[in-house]
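A lone chain, given as structure tokens: the form predicted alone.
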Amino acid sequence: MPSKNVKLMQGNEACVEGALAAGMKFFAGYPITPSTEIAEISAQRLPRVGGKFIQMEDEIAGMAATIGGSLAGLKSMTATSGPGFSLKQENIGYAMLTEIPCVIVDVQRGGPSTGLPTAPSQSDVMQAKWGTHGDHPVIALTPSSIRETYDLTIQAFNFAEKYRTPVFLMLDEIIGHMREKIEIPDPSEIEIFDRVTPDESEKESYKAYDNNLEVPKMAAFGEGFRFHVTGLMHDEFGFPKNDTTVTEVLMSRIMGKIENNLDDIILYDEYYTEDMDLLILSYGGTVRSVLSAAREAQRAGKKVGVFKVKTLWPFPEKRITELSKTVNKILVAEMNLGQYFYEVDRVAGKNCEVSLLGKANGEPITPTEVRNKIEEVL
């Protein structure tokens, strides 16, 4: 039996190692606290595996270069935090419409504006969903441990490649800068998905945006396949079309490739949900305090369950609706003043009472605060 590969690892480091395991060969970005270690470690590690790192002049250019790396056939990633996430949004919208697979890591910090650069927050949740203009598909994942950061980074690349779309990995400063002992899985145990590419026989007939396929095949620039890439609505070859029928077909397909695969994309964990009076829903670094408080409540005889969100978007509406019919109250714990809470209330509020434990002062939600809230609502 091979020896276990156990390491003490920071969250941002685990993100890079997961990206490399998934096949990342290109990183472009701009340093910003608390994500900077992702760029620094990528700069060290990528040349050793035949990859490329480039620091661009700003976040806008970092996103543009990430798109270019993916168009050239490389699995590509960028990383940022709140203000930089805002700057990337126009190019993120471009990548959504042009169906460019890439991973955008947002290590969230206190905001708005420059805010609290070194303090934790979960205040970019709605920005991940609605940050760029227009209707667009969204996949956003969020880890709550260092090992989960490693695993969900790989999953983010797999989703990006499988569905040919940008994918957000929403860390928070707690997870990004925390260090934990983790076991790195053997490469043989890791499932890797690569984009589907056309073969040589398809050069003359290749359609980069073939509407007969839920996810069209993706050729790389420079390989002899002719296609156009534009942020305008476009036909199957990528050429601009100011046509309502063409637009409807295109938009239906790019939205449908996510909406038709929710069972594959939506990830979550449940604890103590078989018999409960209160369900606490949380994600990211806040889950750790929630689980600690829930375990203590269970020992005290209180029926408290936990729903840990791993896929923020698409929203796990089906399961939350089901759970809301089995419980008296739902408590949403998040490091903001109410973002995911409103989505939960939208789908569960007609079945049970939904309340918020929110915090946005740069401090994490503590187990004591969760315990006190449990006493208040039960």
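In case it trips you up, residue 1 is the first one in the sequence shown, and so on. In this text the structure is predicted, and so the values were computed from the model without any measurement.
What comes next is about the form predicted in complex with another copy of the chain, which is not displayed.
Contact annotation for residue 318: none of its heavy atoms lies within 4.5 Å of another copy of the chain in the predicted bound form. Not displayed here, another copy of the chain is kept clear of residue 187 by more than 4.5 Å at the level of heavy atoms in the predicted bound form. In the predicted bound form, another copy of the chain lies farther than 4.5 Å from every heavy atom of residue 301.
Another copy of the chain is not shown here, and in the predicted bound form it never comes within 4.5 Å of any heavy atom of residue 218. Judged by heavy atoms within 4.5 Å of another copy of the chain in the predicted bound form, the contact stretch among the candidates 161-169, 274-282, 105-113, 148-156 is 105-113.
Only one of 214, 248, 269, 194 comes within 4.5 Å of another copy of the chain in the predicted bound form through a heavy atom, and that residue is 248. Contacts to another copy of the chain in the predicted bound form (heavy atom within 4.5 Å) from stretch 223-262: 231, 232, 233, 241, 242, 244, 247, 248, 251, 255.
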